[in-house]
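Just the one chain here, the form predicted alone, laid out as structure tokens.
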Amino acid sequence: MATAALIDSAMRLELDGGLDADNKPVVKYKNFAHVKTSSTPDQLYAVANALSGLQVYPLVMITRNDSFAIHS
């Protein structure tokens, strides 16, 4: 049976960049690699909100991307 081991985690902030010349929404992204794999969703939420205060654009969404190693 195969098992999965969490090896890395990253966080992405999606920011509202307004509208372009054609009135289409512009999305800006800020990526943060090597997030502690033991971080809880509440911890990531708190950090993301603190970081969003340093950004020019308002925060729309926070995503977490986990990477796993699959072993047999």
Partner chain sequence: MAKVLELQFLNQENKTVTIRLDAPIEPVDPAAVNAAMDTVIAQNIFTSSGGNYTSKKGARIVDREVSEIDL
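Since the structure is predicted, the reported quantities are computational estimates derived from the model, not experimental observations. Numbering follows the first chain given and starts at 1.
One more form of this protein exists, namely the form predicted together with its partner chain; it is left out here, but the text below deals with it.
Although the partner is absent here, residue 54 is a contact residue: one of its heavy atoms lies within 4.5 angstroms of its partner chain in the model of the complex. Taking non-hydrogen atoms only, residue 19 never approaches its partner chain to within 4.5 angstroms in the model of the complex. Its partner chain is not drawn, but in the model of the complex it has no heavy atom within 4.5 Å of residue 27.
With a 4.5 Å cutoff on heavy atoms, residue 61 does not count as touching its partner chain in the model of the complex; it lies far away. Residues 30, 32, 33, 34, 35, 36, 39, 43, 44, 46, 47, 50, 51, 53, 54, 55, 56, 57 are the ones in 27 to 65 with at least one heavy atom within 4.5 Å of its partner chain in the model of the complex, listed in sequence order.
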